[in-house]
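Here we start with a single chain on its own, the form predicted alone, put down as structure tokens.
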């Protein structure tokens, strides 16, 4: 296989599940003692839940610990949940949301090293080798994307091109001139790159690997980007709360699930309503416990991301770490229209399977006198009719949404993460 022998830490990435469980048990005990002894908020939470670090004897005891969520991190803004002295914090990042109190993630040097290790594993798993040129297009700022990709690329021994976002014509020139082999970015930037390359009649023969994250990434969109850029596209996973992009893992060349770095994280899948574990293969909410973070290790953090355990067996790529399904949506992203529940990813999956439909679309929720309806606008090549789009969406969603078909380039673009869902009250333009 393409990535055979391509590991950052082969011994750990191919460790037996027995060894991984032994390591998780030891690290869970250590992290429980760490947060309990170093942070009064965690200590109070443990005490109210009736659990102490002494109760944690193995990885199975993780369920004895209290569930946490984003509210806890927001309420403790800016550094109320930190478990280290202020003088040990060397960097910080925070959530990219534009409203409400942000979630802040502080880092010790050890945390940065852990982040770099996890991200480097992702680069190597995608087939990158030391010396490859890696062009990093996410923003270098409070959002963790750019810096996470940078820390990991350095750890993996790659030639770093820290391009940042935007100025796509220059991005293409950089990729051509420096023979970029690895491109990283948010999903929507892969689409923008395709569009500009077509406008410029440009090709990038050295570009081989695309690592994309931060947005919904359906299989259909992955195929469209892979075909349009002539690359193999990978779906990377990580969040501010887990420590940043790549900390949780990525899909390998099999592209049938996301490997989670189990020596650094325990993942559970629970029923969102009851909080109880669901069986492997059943969709539920992902819960994450960080085992090796120092400044702010999350404990049984409810991500609101929906997934399922795909496999606990050794993968053809050689890795033994659990595979979860690509994120299908978020609990708080679910839309309810005309009594039908659906997620934006289902819309994208349906649209990308229509020949001639472009990669840019809008889901507009319109509310009139308390009643909600949905309009789905798409870009498409000449010959794609509204009827064709409506028929595909009805088959996918169970009802016929309104909408319009625009020529390619007819819908607005945004810098950074693409906005797909819009809300409009009656009378608003």
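Numbering follows the first chain given and starts at 1. Please read all numbers here as calculations on a predicted model, not as lab measurements.
The discussion below concerns the form predicted in complex with a small molecule, not included here.
For the small molecule in the model of the complex, the listed stretch (126 to 134, 207 to 215, 83 to 91, 161 to 169) containing residues with heavy atoms inside 4.5 Å is 207 to 215. Contact annotation: of the candidates 236, 183, 298, 118, the single residue with a non-hydrogen atom within 4.5 angstroms of the small molecule in the model of the complex is 236. Taking 114, 188, 240, 289 one by one, only a single residue has any non-hydrogen atom within 4.5 Å of the small molecule in the model of the complex, and it is 240.
Contact check at 4.5 Å (heavy atoms) against the small molecule in the model of the complex: none of 7, 156 and 255 pass. Within 4.5 Å of any heavy atom of the small molecule in the model of the complex lies no heavy atom of residue 266. Looking at residue 95, you'd find a heavy atom of it within 4.5 angstroms of the small molecule in the model of the complex. Among heavy atoms of residue 330, some come within 4.5 Å of the small molecule in the model of the complex. Using a 4.5 Å cutoff between non-hydrogen atoms, residue 145 counts as a contact of the small molecule in the model of the complex.
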